[in-house]
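Quick setup: one chain, the form predicted alone, written in structure tokens, and binding and motion questions come after.
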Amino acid sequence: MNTLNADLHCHSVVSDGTLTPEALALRAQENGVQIWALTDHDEVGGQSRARTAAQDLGMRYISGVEISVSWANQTLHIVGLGIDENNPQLIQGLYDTRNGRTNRAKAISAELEKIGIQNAYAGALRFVGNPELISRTHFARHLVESGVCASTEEVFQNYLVAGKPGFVDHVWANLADAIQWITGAGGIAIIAHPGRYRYSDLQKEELYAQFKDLGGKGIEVVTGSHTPEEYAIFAKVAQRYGFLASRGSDFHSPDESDIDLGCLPNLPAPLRPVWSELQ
């Protein structure tokens, strides 16, 4: 089970990726992916297309979503796998989570205008597939296209993050609600890329314990956001808390992502893969 090429975290144009669900499915299949999930941010509108494309290519498909959560004054991401994307409570919860992105985007544009970057909102919209899901990534692509920065990595070093120009905070879903939406839709809740969060060691332990108490069952161990050293760190977290282990590239774009679909190492052998619990 652990040697299967499963990629259970990536994004399409339905959120902040640059490829269609169909193009992602083909790229995954060409890279040897055997089990695939599309996990767009706060949106399940691409699920039907992704499932059909995967099945046509002979890949096993697992439905997915990535929910934005506010926890301990940071944005935390919770992936839901094996969900019923037609579940009314999940759909409403995701809609409520997306609500407010437009106002935030206009506020980001106003902040950038203060330092001489004009019309950033209109520029970001050119990269948006779903206007309800305009995000910092779309602004980053505009700043690259307009020559402000050479890459999206450079953008996030100098703009759009806390303490830098263009940053506007946003309150997302709470952790309990996000887990309930996922489990209520028949899915498994997973902490996405835990190595990315700047929590203290004490906060991390509090997060894992609270997540488990609320019904969360998994954690991403092997992901495009982790170093090999972090694979080992979060493998130990999975074992300590009895979490299922997940694997996903967090692929967004051929031009931006460091790790391509299906190109991660295998999960460490002692761990229980989340896909062993999903039909």
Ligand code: AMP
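We number the residues from 1 along the sequence you see. Source: prediction; values computed, not measured.
Note that the form predicted together with this ligand isn't included here; everything after this is about it.
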Checking a candidate spot here: are N2, K236 and R247 all in contact with this ligand in the predicted bound form (at least one heavy atom each within 4.5 Å)?
no
Considering Y208, F127, Y199, W172, which brings a non-hydrogen atom within 4.5 Å of this ligand in the predicted bound form?
W172
Taking this ligand as it sits in the predicted bound form, is H252 near enough to touch it, meaning that at least one heavy atom pair lies within 4.5 angstroms?
yes
Does this ligand get within 4.5 angstroms of any non-hydrogen atom of T97 in the predicted bound form?
no
Does E145 reach this ligand in the predicted bound form if we count a contact as any heavy atom within 4.5 Å?
no
According to a 4.5 angstroms non-hydrogen atom cut-off, is F156 in contact with this ligand in the predicted bound form?
yes
Tell me the stretch among 135 to 143, 180 to 188, 112 to 120, 85 to 93 that has any heavy atom within 4.5 angstroms of this ligand in the predicted bound form.
135 to 143
What are the residues of 3 to 18, in order along the chain, with a heavy atom within 4.5 Å of this ligand in the predicted bound form?
D16
